[in-house]
Every structure is written in C-alpha cells, then in structure tokens.
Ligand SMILES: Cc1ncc(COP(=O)(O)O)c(C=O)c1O
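Listed next as structure tokens is one chain, alone, in the form predicted on its own.
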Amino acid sequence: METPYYLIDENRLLDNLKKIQFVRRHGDARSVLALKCFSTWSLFGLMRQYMDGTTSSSLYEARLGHETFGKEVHAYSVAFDEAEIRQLRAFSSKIIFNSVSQLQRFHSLAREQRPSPEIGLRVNPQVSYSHFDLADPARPHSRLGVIDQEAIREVLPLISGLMFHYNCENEDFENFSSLLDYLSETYGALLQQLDWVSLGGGVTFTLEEYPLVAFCEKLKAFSRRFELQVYLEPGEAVITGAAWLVTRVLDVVSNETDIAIVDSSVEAHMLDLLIYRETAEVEGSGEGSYCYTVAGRSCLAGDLFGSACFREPLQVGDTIRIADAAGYTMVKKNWFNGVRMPAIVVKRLDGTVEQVKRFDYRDYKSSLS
C-alpha cells in the first residue's frame, strides 16, 4: 500500500473499548468519545457498541457526532455564537457553557427547541494534572471554566449538570483519587442539587497496568454519594496503542549523524510532537546498533521524529512505523509544504485491511482558494 498512511487496528481498539465498557458496568460511569482527539468516523460503527456518544468542542464536531456516531451528543465550546446555538439545540443531548455570561445569554434560546437539551456549565476547580503548561486547564489566568462558586450557585436553576475537565495524560490513580476527593469536598453542596457531572478526559485508565477495579469503585462511590450520573470523556484512552503512522525511507544522508528522511512530516502529520517537544515512538527502535535520526520531508529544519536504532542498516524503500499515531494526529493533519497527506487505513476485526480514505492533489487544492 502506498505510504504514508495511518494504520488503525480494530482489535487493538477493541481491547480499549472493552475496558471502557467494564467501567460503564462496574463504575456506573458513561463514556462519550472526545472528538477533539479522534474523529475518524469510519471506526464509529465499532465504537458506538461500547460507548454512550460523543463530546465536542465546536458546532462541526457536535454535528459530526450526531450524524455519524448517534447516541448522546454533548456540545461544549469555549464560546458559542447565536447561530451555533440555534443549530446545536436541534440535535444535542447536552449543551455545556464555558461561562456564566454565555449561560445567561443563551439559556432561553437553547431551551426553545422541544425536546430541549439539558444545560450544563464548565467549572475550573483550580487544580489539575498536566505535564505541560500549554495543556493545563487550571493554569494562571485560564479562560476555561467558572471559578466563582457563588456565581455558580446563583445559576443553579438554569443547569442540570457540571463539567470538570482538569486532567491531561494522568496515569496516576492516586492523584486522580485525591483530586476527585477534592471535588467532593469543595463542590459537594452544588453537586447534590444536580443530575449529572462530567469528569472530562485525560485519564489513561485503559493502560495495561491501570488499577481498573479501584477506578470503578472510586467512580461508583462518588456517583452514589451525590446521586449523580457520572460521565467520562475519554479521547486518547480509547485509541491508545491502536494506530501507527506508516512511512517509507526516501533518502539517507549524513551530517555528523545518519539521517533517514521519510515520506511524511512531523509538522503536517504528527503536529503534537512539535508542539510538546516530544519524540516519536518508532517501532523496533533500540533493537540494534544502526542508529539514525528519523526526519520528515518538509522544509522545516526541526521536522524530526526522533532517534532510532535498528538491527540492519536502513535502505531507501524501507518501511518505518511510528506508534501511537491516532490521538491528536488525524484531527490536526495539515497541508504544510503540500506534502502528500497520509491515507487512513483500517485493519478490521477479521484481519482484512481497508483503505477508508485517500487524499490527493484535489483535496490540497480545494483546501485553499
């Protein structure tokens, strides 16, 4: 198959989905897919069997969830405009506002539709877990969510739930547990008056070593204490370990080190590696003594996937697979330098391989004007 392409393995995906279903059954917690992380809707037929719907950060994401996933549609945005509310109210299960001012401005408009969506409000608890200041929702001067509890109390009659999105790649169950205790003690009086709460995403509970039973017990105790329906918004937890970016070596050059140039680009196809200054996980790296810098083909000097060592010297035409290439990759891919965009390929449960999307020059041209 022509490279580059994103390869998604449904059997790997299914492993994560079964854990999400376990949490639903044993933790009394529903899960809605965070489309900001993964929106490749050709997988939704499998995912909807194990999840309760989708959550969005924009009108277009919400509409995509409604049209291709179905089930619950949670519509959130840092800021809505009136035209968006008029569209969202027709198909959203919940509309979650980021501020009290937006809630007060649009509440009546959102509720005009019958049946009308439930209304929620995002809260900034001023505590969080994140390795990166860039992604920390509780960073100083954050615009994400309401801080003033008195202001929340005044608008309680307008809402039926709250959203707390305060984790980012949190692998530490003890930290998750202590932060949930903090929410219980700090916002308990408010939670007792509501019907549901979303704890957001960013909790990596599908990792192999994660204490899933203890996680479920913690969620269930929280739910029963406040008589709330708990929602989780997993993104990377759904697709972790289930996808690769498959590339081909185009050239090997030397400049004090050997550099393998592949037919892909970090900036165009795995942008988060640049944003967070991380190194790609190259499959097979570290298994040999032939070491290379794996580099993208764009003109950006820092278009580097990272270093990798192989058992055999790399040759032009060799394939290099880069792991964990689902979350925040396909949703961020772009046409920088006009580099050919990776196709999207799915390995189905029965082992068949299907190319579900191919991009060409017409897509590049039509993205501009």
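Predicted, not measured: the structure shown is a model, and the values here were computed from it. Numbering starts at 1 and runs along the sequence shown.
The next section is about a form of this same protein that is not shown, the form predicted together with this ligand.
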In the predicted bound form, L43 touching this ligand (heavy atom, 4.5 Å) | no
Heavy atom to heavy atom, is K94 within 4.5 Å of this ligand in the predicted bound form?
-> no
Do H165 and this ligand come within 4.5 Å of each other in the predicted bound form, heavy atoms counted?
-> yes
Using 4.5 Å between non-hydrogen atoms, is F310 touching this ligand in the predicted bound form?
-> no
Look at the stretches 33 to 41, 310 to 318, 335 to 343, 61 to 69 and give the one with heavy atoms within 4.5 Å of this ligand in the predicted bound form.
-> 33 to 41
Kindly indicate whether G202, G235 and Y328 are, all three, within 4.5 angstroms of this ligand in the predicted bound form, using heavy atoms.
-> yes
If you check R89, R297, K218, R122 against this ligand in the predicted bound form, which one has a heavy atom within 4.5 Å?
-> R122
